[in-house]
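What follows is one chain in structure tokens, specifically the form predicted on its own.
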Amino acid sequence: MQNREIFEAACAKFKQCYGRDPVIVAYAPGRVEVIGNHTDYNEGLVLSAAINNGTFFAVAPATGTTCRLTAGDLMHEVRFEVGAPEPVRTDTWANYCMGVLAGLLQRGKFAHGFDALFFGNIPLGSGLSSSAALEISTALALARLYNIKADPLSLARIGQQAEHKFAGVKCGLLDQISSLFGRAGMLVQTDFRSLEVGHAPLGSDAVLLICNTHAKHALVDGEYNQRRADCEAAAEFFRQRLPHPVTALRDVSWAEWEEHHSGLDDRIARRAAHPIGENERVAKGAELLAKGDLEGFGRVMFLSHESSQRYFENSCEELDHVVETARGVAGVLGARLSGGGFGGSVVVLVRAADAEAAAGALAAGYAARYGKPCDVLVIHPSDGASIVKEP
């Protein structure tokens, strides 16, 4: 079992809160986006990985209709009725779980409530999608508790709707799919038009470093939603200009962007350039991995970050500093921001033999600039979500 110490701590905290053991425990990992930034909601391509940090959701049935939900890190409880979950403005961490419950309620009626606790080891605000790990672990556990049949893609959509309707973030399906479909030693290769999921081997010669800058990372402040709206506006523009069908920016090539972008508002043109270019970079990156060309794949990662800086403007000074430092560190093959951006983390591709030294150099370089080191985690692509305890 991954993260057994966290599992045991979650079970102990559950018993401390509720005086009994959980009946069901589900686990879901966080994710790292390797290439394919903001392409998921543009029906594009992404290479990602489930990581070796995640969240456990422990639950047992209650006798009445009241649900008790505890955040294991805070040891703070919220209560609500099982048949009527509604978004809350305080203790907003509960919205992710209640949003999942609302999605599952569309598939059945629940006669009883539950006692639940979640606990994990994904650094918050790091761009590793602790929210999706919470949603998917909640979905797996509650679906099993209430005997709801749902395939993985349905669970991913339930998690996505929890973000949309309860958390106020119009995310795509990248985070949830990555958490569900992770495989040890592999990248998750997803086509977000067909929702076909495959896997690409990273190889034993390389690992990923996650450099958490602790810079601000708060998508609900409107930055994410504004960029999504800009992409939708650009897709509508190209739909009217191009001779072939355009349902999303996935249908627009870089050559077509270059030919027509002058007719767009400058900001919207730049926003569109990023996912259009990213789709081509993901396709190229997959080809390079298939050939075992890690150096070439790393160069594509650097190009992806440059696009975030120039076109999407979802980077920040701290992230840019880490990427520039990485260029000069021995063993580093590529680096770019990961996740929504606006802070959070940088993902670095590095030779496995050089990982420890590279991590130290990156932390030291950050400390020299900002007075304290960034947190550096060694990430191994890992297995996806699962039930880890059941009757």
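When you see a residue number, it is the position in the sequence shown, counting from 1. What you are looking at is a predicted structure, and each value in this text was computed from that prediction instead of being measured.
Not pictured, yet referred to below: the form predicted in complex with adenosine-5'-diphosphate (ADP).
Only one of 317-325, 141-149, 93-101, 180-188 lies within 4.5 Å of adenosine-5'-diphosphate (ADP) in the predicted bound form by heavy atoms, and it is 93-101.
Shown alone here, residue 298 lies farther than 4.5 Å from adenosine-5'-diphosphate (ADP) in the predicted bound form, counting heavy atoms only. Within this chain, residue 293 is remote from the site of adenosine-5'-diphosphate (ADP) in the predicted bound form, having no heavy atom within 4.5 Å. Residue 279 falls outside the set of residues with a heavy atom inside 4.5 Å of adenosine-5'-diphosphate (ADP) in the predicted bound form.
Contact between residue 163 and adenosine-5'-diphosphate (ADP) in the predicted bound form is found at the 4.5 Å heavy atom cutoff. Residue 123 is the only one of 113, 123, 85, 172 with a heavy atom lying within 4.5 Å of adenosine-5'-diphosphate (ADP) in the predicted bound form. This chain is drawn without adenosine-5'-diphosphate (ADP); in the predicted bound form, the residue among 306, 73, 236, 258 with a heavy atom within 4.5 Å of it is 73. In the predicted bound form, the residues of 126-154 lying within 4.5 Å of adenosine-5'-diphosphate (ADP) by at least one heavy atom are, in order, 126, 127, 128, 129, 130, 131, 134.
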